[in-house]
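Only one chain comes next, encoded as structure tokens, the form predicted alone.
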């Protein structure tokens, strides 16, 4: 029976790590005493197997456990459940990676547009893309539309809702989408608007349809809030729509960012994945950011590359550094760092886009060998 390999990092002592690893294999497979199982097939095919144990540094171990693919469904929520469901409650364990058979990865479908599809959408051939955000919360739809128009006048490729914008009374989804879409049409900008979905699955379906009626073909989803299965259902139901994912709540479980924000969300259909860049408001290291970008763009069972979108307190001054770090196969997101220009927002956005476009002739070290199938 086919198996996947879950890779965990465990804090512990050498004297007890074998027993700890075996308990983890049982917890993440049958969740009961193995001695109580009489069925030979379950014992042979379903019970998790400890494949290797390696001490990384004193007190920290990497444990690789083989789990039966048949236990995952396959379905996004159940896959995550089998990888880390119960064991996420143990504070000494982190889910570091998951090595999945190609057939499993391909079964989820991956990005529909991916890197080159998003580039084609905004005319960013052979270069990095630019992105900004509509903020702050509390503004009426027309005010947000006015901000979007100024960003469009500055040549921004993508303007997304702040992920906190939902269906609030001060900015209902339908009115906001109509106002922003109309403002961008009046400006004549090619800018792609990416509204944020919220609510239950039926709510989000209605929101996608409303957006499409306004000529919008990309949306923002926070999969850890909406639910992985709901996110994947939307990707499957709306093949003509691009999906950008937001990392809200991604830090609530001890799952390595490269696995969650890079590999898993790409596998489920993220065309672009937003994550906190190093040196911003959050604590990710350069190594973590590199790993996310590699997981989003590198070879993965023939799936299209997903666009890494480093963000989180970025400023225009950091654009050359980010282009050098990530290369041209990326989308740079600057929100508040542009919006603070206020009445000079269009000029600030134009300066940002000139920086991004000027970087198209230089491929950063993260680019070489990253794009596949």
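Positions refer to the first chain, counted from 1. Bear in mind that the values here come from a model prediction, so they are computed numbers and not experimental data.
The protein also exists as the form predicted in complex with a further copy of the same chain; that form is not presented, and the subsequent description refers to it.
Proximity of residue 89 to a further copy of the same chain in the predicted complex: non-hydrogen atoms within 4.5 Å are present. Not displayed here, a further copy of the same chain is approached by residue 27 to within 4.5 Å at the level of heavy atoms in the predicted complex. The closest non-hydrogen atom of residue 210 lies beyond 4.5 Å of a further copy of the same chain in the predicted complex. In the predicted complex, a further copy of the same chain lies farther than 4.5 Å from every heavy atom of residue 317. For the three residues 5, 126 and 190, a heavy atom within 4.5 Å of a further copy of the same chain turns up in the predicted complex in no case.
Heavy atoms within 4.5 Å of a further copy of the same chain in the predicted complex map, among the stretches 79-87, 264-272, 291-299, 104-112, onto 79-87 alone. Checking 254, 175, 278, 119 against a further copy of the same chain in the predicted complex, a heavy atom within 4.5 Å turns up for just one residue: 254. Taking a 4.5 Å heavy atom cutoff to a further copy of the same chain in the predicted complex, the contacting residues in 169-206 are 170, 198, 199, 200, 201, 202, 205.
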